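Taking the form predicted alone, here's one chain by itself in structure tokens.
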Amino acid sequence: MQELRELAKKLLAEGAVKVVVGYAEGRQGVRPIFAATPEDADKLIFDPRCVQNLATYLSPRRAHVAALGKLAVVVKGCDAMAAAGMIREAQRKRDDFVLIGVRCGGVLADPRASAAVTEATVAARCPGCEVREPKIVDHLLGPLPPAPPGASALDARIAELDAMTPEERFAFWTSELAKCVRCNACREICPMCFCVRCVCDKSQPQWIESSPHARGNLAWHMTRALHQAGRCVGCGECERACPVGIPLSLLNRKVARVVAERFDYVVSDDPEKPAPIGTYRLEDDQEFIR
């Protein structure tokens, strides 16, 4: 990744950005790094262990990051969709940051592993990815690797859930969501969770009970899933951050499918493409509220 390091040094030396947010080796695998000097830039890497969605550092609710000055951020295709989402929803302007795109052949399910991307090691979300070469970026680096191998384990799992009766599906999700400890890690890591005040933090009125019990957990995760409809980029960071292993990617992938079927909309890295949540069609049948 010498190309990435040289570009980062050039952007820093020219004063085009104050910090380059990328990946570096850490004690337990790859970690994010904020490179502000040529020495820091020499630590930048990119390989299949780089699972984190660094676009989350562009979120307007991270004021301490914004205070660093103009950022350049290393982005995979899924990360670039999050940056586009912030522009689409008027949270950031395109000129506010520089995007360094990296062509992606999929990432590992376990970022602590040092392994090649194979059908056995690839992250569940990667097979079938159509944004391996992000388009919104200012710089695009590296050759395009082969497509992630295999079929999506998420799609296979969703097919199993779809085959269940409604009662069986409700029992499945009730059991999974009952594990939630309400740590909000899923919200904190998500690049598309940028409300100034989250609905789950409101106490007057209290829309969602804050203690970790089945009723409050169900209300929180259903509300969040609906807030992410047509917005989730499928990076899987919420599930990776979850300390109790709730399969949130399944929930988000299913909602994304429904949005695609009903609104002919798939999240992309084109910020000009209007999302369903911000559009209205006179010919909408609205049969769901009858």
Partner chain sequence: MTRQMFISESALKSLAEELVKAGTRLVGPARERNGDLVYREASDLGEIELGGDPPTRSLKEFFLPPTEVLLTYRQKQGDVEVTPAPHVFAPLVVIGARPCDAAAVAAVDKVMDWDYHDELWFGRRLATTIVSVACGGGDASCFCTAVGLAPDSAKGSDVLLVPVEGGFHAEILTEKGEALVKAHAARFTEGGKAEAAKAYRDAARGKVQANLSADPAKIRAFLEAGFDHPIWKGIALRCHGCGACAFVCPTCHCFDIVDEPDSIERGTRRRNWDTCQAAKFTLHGSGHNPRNEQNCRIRQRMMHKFAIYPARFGEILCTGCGRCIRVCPGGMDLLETLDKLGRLPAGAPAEAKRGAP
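Numbering follows the first chain given and starts at 1. Nothing here was measured: the structure is a model prediction, and the numbers come from that model.
One more form of this protein should be noted, the form predicted in complex with the partner chain, which is absent from this view; the next part is about it.
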Can all three of Glu176, Glu188 and Asp201 be found with a heavy atom no more than 4.5 Å from the partner chain in the predicted bound form? yes
If we define contact as a non-hydrogen atom of the residue within 4.5 angstroms of the partner, is Ala225 a contact of the partner chain in the predicted bound form? no
Wondering, does Arg112 line up within 4.5 Å of the partner chain in the predicted bound form on heavy atoms? yes
Touches the partner chain in the predicted bound form: Arg257 (any heavy atom, 4.5 Å): no
Any non-hydrogen atom of Arg240 within 4.5 angstroms of the partner chain in the predicted bound form: yes
Which of these stretches, 248 to 256, 261 to 269, 225 to 233, 26 to 34, has heavy atoms within 4.5 Å of the partner chain in the predicted bound form? 26 to 34
For the stretch 62 to 77, I need every residue with any heavy atom inside 4.5 Å of the partner chain in the predicted bound form, listed N to C. Arg62, Ala63, His64, Val65, Leu68
